[in-house]
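A single chain comes next, written as structure tokens; it is the form predicted on its own.
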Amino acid sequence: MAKPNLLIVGAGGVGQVTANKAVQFREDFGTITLTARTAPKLERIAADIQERWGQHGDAALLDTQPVNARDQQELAALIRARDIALVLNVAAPYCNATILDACIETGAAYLDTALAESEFTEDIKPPWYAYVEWPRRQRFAERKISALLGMGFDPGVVNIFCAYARKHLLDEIASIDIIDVNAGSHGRYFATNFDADVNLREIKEDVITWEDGAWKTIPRHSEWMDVSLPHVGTHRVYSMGHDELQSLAVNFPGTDRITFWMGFGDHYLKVFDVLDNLGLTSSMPVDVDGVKVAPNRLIKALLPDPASLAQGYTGKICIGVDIRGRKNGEPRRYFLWSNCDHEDNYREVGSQAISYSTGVPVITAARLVAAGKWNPQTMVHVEELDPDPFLAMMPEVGIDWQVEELPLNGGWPYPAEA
């Protein structure tokens, strides 16, 4: 079986981790190409990877080629020129449609980490995947092309945790609570850990969640709880709308409630509230001396690049799934989770843990595709695949995981321990 040539689209924090991990496990792939719009950024990442993983006199471990990922024909031409078999989309979610169409055109397999978004829009009605991804499913199936949707950590690994619980732990699933806490400190007054305009819109919008078997909308930050999680301690987490709810609600029929919770500190929310009250978190363009500008794009330009936060970032993250249901008629509750350490991840690949926790699952899945262990030959969400090969391989790529049965009422991970 020929090893597939790999194309990584995107050179932000996640792209840097993905490129590092692809090179670390390069025996599983043919050529490895990294592409984005900005040549200097590509060259910097390639030089760092060569120094980190190469030996004196080695040929280049990573090829680079600037491309506009929003131009389908330009991207398709690169896929053909490099004989690419697998495209890893870790670019901005605004690029999803053109990258998907380039893969349909060329026959290359596709993998992404987040659902498509449109600039200058807010409060899209669920299910979000129905706008860009799902309408293309039939074309992937007709051409027998694999497309794996949402293969980061959340979405991604948390979906696979749910699939593992369904396969091994529970006969019926009643509720799924996805919990994401970053207990790290980057020392900046205010910064986002990934693309600022996407991140600010997530926090700004009303919360769409799954409750009583239907979509429910509640005001942002209106539902919260205190949790105690492994290695990060006690934190307040808030209900938020998030990608994985949109597919889990479809692929886990009969589940009454599916909720995503994210931790925010008081300082972060106070700064966000000031920006929001001034209108600066809005995605909707306003006229500034005859020029249309989206306020959140201005904030993005002023905030630190998320990739720049890595050096000096301390602390850990914990992301997991609290899942309840029945086994052999008896109620059961489990927590499946992973931790990452900002300082450890920086030493290994020069990135912070938020990027690391997304890039490692991408390459874990890419290795399974390259080996033929995951080959759906249609468009799927990752919870539709066998979770066992992925969870067996992810620790080797860089992230361990744990599972623990919890008390049914109260106790860890929530409410918070006294």
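All of these numbers come straight from a predicted model, not from anything done at the bench. Heads up: residue numbers just count along the shown sequence, starting at 1.
What follows is about the form predicted together with a small molecule, which we do not show.
S.K.: Run the contact test on A114, D305 and I354 with a 4.5 Å heavy atom cut-off to the small molecule in the model of the complex and return yes or no.
M.R.: Yes.
S.K.: At the 4.5 Å heavy atom threshold, is F153 in contact with the small molecule in the model of the complex?
M.R.: F153: yes, in contact with the small molecule in the model of the complex.
S.K.: Does the small molecule get within 4.5 angstroms of any non-hydrogen atom of A36 in the model of the complex?
M.R.: Yes - in the model of the complex, heavy atoms of A36 and the small molecule come within 4.5 Å of each other.
S.K.: In the model of the complex, does A22 come within 4.5 Å of the small molecule, counting heavy atoms only?
M.R.: Looking in the model of the complex, residue contacts with the small molecule do not include A22, since no heavy atom lies within 4.5 Å.
S.K.: I'd like to check something about F194: if you look in the model of the complex, is any of its heavy atoms closer than or equal to 4.5 Å to a heavy atom of the small molecule?
M.R.: Output for F194 is yes: heavy atoms within 4.5 Å of the small molecule.
S.K.: Only one of 376 to 384, 63 to 71, 48 to 56, 389 to 397 gets a heavy atom within 4.5 Å of the small molecule in the model of the complex; which is it?
M.R.: Of the options given, it is 63 to 71.
S.K.: So the small molecule isn't shown here. In the model of the complex, which residue out of I179, L248, A108, A91 has a non-hydrogen atom within 4.5 Å of it?
M.R.: The residue in contact is A91.
S.K.: Sort through L170, A163, V232, C95 and report the residue having a heavy atom within 4.5 Å of the small molecule in the model of the complex.
M.R.: Looking at the other structure, the residue within range turns out to be C95.
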